[in-house]
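Given next, in structure tokens, is a single chain: the form predicted on its own.
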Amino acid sequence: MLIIKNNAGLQVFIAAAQKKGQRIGFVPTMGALHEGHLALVRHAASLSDIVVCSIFVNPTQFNDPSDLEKYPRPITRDIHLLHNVGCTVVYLPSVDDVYPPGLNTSMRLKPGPLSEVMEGEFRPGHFAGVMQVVNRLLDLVTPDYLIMGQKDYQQVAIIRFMLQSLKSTVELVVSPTIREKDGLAMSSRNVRLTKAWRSHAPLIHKTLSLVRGQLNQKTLQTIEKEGIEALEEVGFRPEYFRVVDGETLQQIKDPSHHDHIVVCTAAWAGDVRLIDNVILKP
């Protein structure tokens, strides 16, 4: 496994791989890796000859400076975890590598309603930053496959929109959410949960999963209201609990009129913000 810290080294490596006709899988991360990230790398390795995993804490997608400051950066541990899971290159760019002074990396592309609901309501500017960094990293890595996780469902939908709009040849591959044994979606933020909040956290997935049995028995307004109340009952501060169309991310009215339905939520567990989703249909 190689560790490459600058664009020049990455470009030499990528050019050599492409000259050999090797297919490249790319897993972008912000570090603080866990089994969910490693599953993405393994998935990429099953599709590709070369797997590049980037670790870059992207400043443009944090609307809260304190959240950026608190974000964990255990780089030595991360590199150790990437051994023996199929990773070929760990790419560790600096901010100047990703956003060189004088280079305009911002995007004029607007995802519209996809970015205005749920996360977009509570994290203004977040998805503009996500598109900016993913587009820039794709330009640097030039992969055949981009592997992302289902846990960030809205992010995946927006990156799919971006790739389609740009007529990109990169194939987006979505890997299922990896969970702890008690159902909690793996996240880099979980290490910040207190012992008490860690014991409550599995309720998020449990509450989302209950919606599958309720979809044709209760009104969607009731489902969403009861989801909020269930989380509030143990002290969570939910920002949203929505049953949405899996393609447009807009709230639905009649489940029978939609082929793809997802229930999504974001809730504060003390000072840690957790997100999760469950695909209800198909």
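Quick caveat, the model's predicted, so the values are computed rather than measured. In case it trips you up, residue 1 is the first one in the sequence shown, and so on.
Beyond the structure shown, there is the form predicted in complex with ligand AMP, which is absent from this document and is the topic of what follows.
Interface residue remark: residue 29 is counted as part of the site for ligand AMP in the model of the complex, having a heavy atom within 4.5 Å. In the model of the complex, no heavy atom of residue 132 sits within 4.5 Å of ligand AMP.
Contact check for residue 149: a non-hydrogen atom falls within 4.5 Å of ligand AMP in the model of the complex. At the 4.5 Å threshold, heavy atoms of residue 99 stay clear of ligand AMP in the model of the complex, well away from it.
None of 29-37, 252-260, 211-219, 226-234 except one has non-hydrogen atoms within 4.5 angstroms of ligand AMP in the model of the complex; the exception is 29-37. Contact annotation: of the candidates 145, 197, 71, 161, the single residue with a non-hydrogen atom within 4.5 angstroms of ligand AMP in the model of the complex is 71.
None of 178, 85, 170, 117 but one reaches within 4.5 angstroms of ligand AMP in the model of the complex through a heavy atom, and that residue is 178.
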